[in-house]
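Just the one chain here, the form predicted on its own, laid out as structure tokens.
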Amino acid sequence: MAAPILEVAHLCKYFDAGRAVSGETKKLKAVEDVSFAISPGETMGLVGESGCGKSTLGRTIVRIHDPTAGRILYKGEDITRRKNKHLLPVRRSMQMIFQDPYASLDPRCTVGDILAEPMAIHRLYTKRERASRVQALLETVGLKPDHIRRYPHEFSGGQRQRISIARTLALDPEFIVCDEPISALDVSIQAQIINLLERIQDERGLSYLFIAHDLGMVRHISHKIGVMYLGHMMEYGQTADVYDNPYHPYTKALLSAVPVPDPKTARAKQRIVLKGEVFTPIDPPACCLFANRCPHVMARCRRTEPPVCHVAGRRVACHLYTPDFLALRRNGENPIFTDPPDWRADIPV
């Protein structure tokens, strides 16, 4: 098995959020103790509600944000604490497609200048070679040669995202963070962009971290999936396993909201509606952050943070999957620490 192209170990990213009455600096914990790995040619999907830390995680991995703690290993090299001047070779191989195609392109530059700029920064190729590569990049993403002289405002949203993808490919990267690359596009254009990303991946052997809200699209494009909630990785495993048999209550709730094209199946599908208040990510309590909304909440959920449990080749951060709970579940016993009594979750025995 090939070594991972990217390894993230216990990664944390905190932001200062003002001062408390006591004078201490409050911390917004955007990413907390996240770990995963991506192999060459593999796509990992990352899903979760808005504000859960998905984009911050992606930006921290490519070192737009400096990590607070943890490690980022790219192709076996630790890039966690590298300074900007030593990150240049890594940035050539690690790129990012930003969420908003309207804001991520310089309105004062032509498409030709936008695509040639990364090559100029890294001092690659001659001026004539750059012009040739720009034309090839436009062809790769399905744009016309005469688009090279136009400005971003002259294109549709789908065309702008194609320009963003072309710019990302300008340095021949091996790993790309796709930060919701289709969320600002029409549905018909979304399919075109996804097909384009898949074709480029097949041709170049790229690895993706694909961040999205559309769980159906994530299932289509991803090999593995991570489910985030308030900065924590709640569940992580192979995409087919997570979608066909979700373990974490939050994952189950997310998947229950995925639209089904068959009306009969849609009517029979039971939607899990989450109720309760969401904890603040600013200095959150030391307990399960999903406890206020979880239908299977127990007394211990409100007292301690759940450990990361390894179950059937998957990682789940939930008290329902701790060894003592699973042992009682196998014996058909009702654990005395449950509250409320509806403890019999759909979990592996």
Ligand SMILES: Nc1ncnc2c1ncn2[C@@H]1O[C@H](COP(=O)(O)OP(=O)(O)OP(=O)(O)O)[C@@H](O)[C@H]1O
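A quick note: this is a predicted structure, and the numbers were derived from the prediction, not measured. Each residue number is its position in the shown sequence, starting from 1.
The protein also exists as the form predicted in complex with the ligand; that form is not presented, and the subsequent description refers to it.
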Honest question, do T110, Y125 and R167 all end up within 4.5 Å of the ligand in the predicted bound form by heavy atom distance?
no
Listed residue (L28, C294, M298, I38) with a non-hydrogen atom within 4.5 angstroms of the ligand in the predicted bound form
L28
Exactly one of H213, R71, R149, K75 has a non-hydrogen atom within 4.5 Å of the ligand in the predicted bound form; which residue is it?
H213
Among 284-292, 304-312, 43-51, 317-325, mark the stretch whose residues have heavy atoms within 4.5 Å of the ligand in the predicted bound form.
43-51
With the partner left out here, check for me: in the predicted bound form, does some heavy atom of E180 sit within 4.5 Å of the ligand?
yes
For H65, is any heavy atom within 4.5 Å of the ligand in the predicted bound form, or not?
yes
Should T239 be classed as touching the ligand in the predicted bound form when contacts are defined as heavy atoms within 4.5 Å?
no
May I ask you to check whether Q99 falls inside a 4.5 Å heavy atom distance of the ligand in the predicted bound form?
yes
